[in-house]
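Single chain ahead, written as structure tokens, the form predicted on its own.
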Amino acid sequence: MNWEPLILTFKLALVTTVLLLVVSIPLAYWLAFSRSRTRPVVETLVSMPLVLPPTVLGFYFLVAFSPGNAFGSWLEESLGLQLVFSFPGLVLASILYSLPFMVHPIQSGLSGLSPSLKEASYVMGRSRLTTLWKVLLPNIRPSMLTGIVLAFAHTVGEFGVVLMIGGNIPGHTKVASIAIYDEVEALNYGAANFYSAVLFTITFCILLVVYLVNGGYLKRFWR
């Protein structure tokens, strides 16, 4: 059995989740507390992957990042980045496609905090950055855990976006979801079942742990 698609899938999910966490915290903070008139527009753009078909996003990513396009040509000539049919392209597309799954739980957690937390921190002379990292984020750990797990699991299950932008290159862009599709087309149901069972089991265990932690079941068990 070829383990490369599974290894590549979880590598993609891990890299995407880490980068998403870095990007989503300041974005979620801004969406939670900003009074800017552009906030509804930004919030709409962040939420678009929830309703758009993955192939639509994948098509526009493919067009934008293609060397035949002005932007894609500039990326390749100026920065040496070839995003089409490459792992970095998969990462960037996955970040944009999974963005709402990380941003929304963190934004919801921040919005639900009492305003007195921020006010007390500011009164004590702490900056906004210090308040965010040492006061606000520690109080929304369940929301952050939910966002991390949802983004990871969503990236693991991607198909349309990764197929459009990455193609089907073994060892480089052929993730597990594409491998399952290939095996089904070849009527190799044993291999397809193997890939599917591994993804099902791992994602089920991850989500179960999140519900146990957020629901306080583990604390009750150890008492």
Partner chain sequence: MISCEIEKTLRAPGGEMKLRLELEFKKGELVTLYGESGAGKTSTLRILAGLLTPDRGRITVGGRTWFDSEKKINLKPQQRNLGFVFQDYALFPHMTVRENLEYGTRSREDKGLVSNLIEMVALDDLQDRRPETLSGGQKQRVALARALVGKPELLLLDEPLSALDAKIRTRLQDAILALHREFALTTLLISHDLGEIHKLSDHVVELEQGTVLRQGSAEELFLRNKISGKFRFTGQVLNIEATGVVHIVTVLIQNQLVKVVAQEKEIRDLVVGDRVLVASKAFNPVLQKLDS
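Keep in mind it's a predicted model, so treat the numbers as computed, not measured. Residue numbers count along the first chain shown, from 1.
This protein has a second form, the form predicted together with the partner chain, left out of what is shown; the following refers to that one.
Residue-level contacts in the predicted bound form: of 135, 150, 81, 144, one residue has a heavy atom within 4.5 Å of the partner chain, and it is 135. Comparing 89-97, 120-128, 72-80, 102-110 against the partner chain in the predicted bound form, the single stretch with non-hydrogen atoms within 4.5 angstroms of it is 120-128.
Counting a residue when any of its non-hydrogen atoms is within 4.5 Å of the partner chain in the predicted bound form, the hits in 89-117 run 114, 116, 117.
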